[in-house]
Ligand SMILES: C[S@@+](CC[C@H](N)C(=O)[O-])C[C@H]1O[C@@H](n2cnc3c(N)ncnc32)[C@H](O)[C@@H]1O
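This document starts with one chain, in the form predicted on its own, laid out as structure tokens.
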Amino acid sequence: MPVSDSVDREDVAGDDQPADGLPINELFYSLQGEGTLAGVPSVFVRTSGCNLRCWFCDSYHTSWEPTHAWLDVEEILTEVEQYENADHVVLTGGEPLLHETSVALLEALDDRGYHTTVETNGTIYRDAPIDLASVSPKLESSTPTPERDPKGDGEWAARHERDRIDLEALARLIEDSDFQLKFVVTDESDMPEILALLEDLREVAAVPIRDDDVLLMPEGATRERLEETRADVAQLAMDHGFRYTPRLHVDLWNDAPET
């Protein structure tokens, strides 16, 4: 069961929902663009639905306006297996751990020998075989205040701010799998919160968190925006002894879908 009480599937529920299905927004083959596995050919399984609403979300149609087709686990596996050169699968979203069926999919992928990365906001824990938990805790700067809300009304701000950090879920995720903590950074003002969160998490987690496990990633879903943020974020990584991660897919393909 999820640790967080913030799970909400209302925006992806429907009469055509299969009992063992997942709402799939995209399923495609590309290069991993972020983190320690950047550049690795991978099949991406992107689920729809999220319990948070980052104002800069780069997968808008999984959160603010979710779109999807319901596929059962066998149908997803059939699609994944078409990409014969890929042995890495990335389960992403939205928030993929919102859906209980994600566990069945991860178990089936593990049985077939795939390396699995789960890209998660760290607010939900599920007991599942995960090779790399790519955990991206959301900072205050992600909150969709009325002036930053892409829909303009700010109705998600209070809920997002309430639910964006769950230390218990974060600790369990990093205790159960190899992990990376990937922070989306806008500028230097994000660093005090990152440092405070790391201090809190190190106190409650039963495994060490090395500075090498912490990745700073520039905020930006387009090449133009990355031009504004990446140099400063790279300098922050060097200043604090953390790792810098590019957004390779944005550099290569800008904001094109299925990348």
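Numbers follow the displayed sequence, beginning with 1. Everything quoted here is computed from the prediction, not taken from an experiment.
One more form of this protein exists, namely the form predicted in complex with the ligand; it is left out here, but the text below deals with it.
Only one of 146-154, 166-174, 180-188, 105-113 lies within 4.5 Å of the ligand in the predicted bound form by heavy atoms, and it is 180-188.
With a 4.5 Å cutoff on heavy atoms, residue 221 counts as touching the ligand in the predicted bound form. Of the heavy atoms in residue 217, some are within 4.5 Å of the ligand in the predicted bound form. Residue 247 belongs to the set of residues with a heavy atom inside 4.5 Å of the ligand in the predicted bound form. In the predicted bound form, residue 58 approaches the ligand with a heavy atom inside 4.5 Å. Residues 136, 138 of 131-153 are found to place at least one heavy atom within 4.5 Å of the ligand in the predicted bound form.
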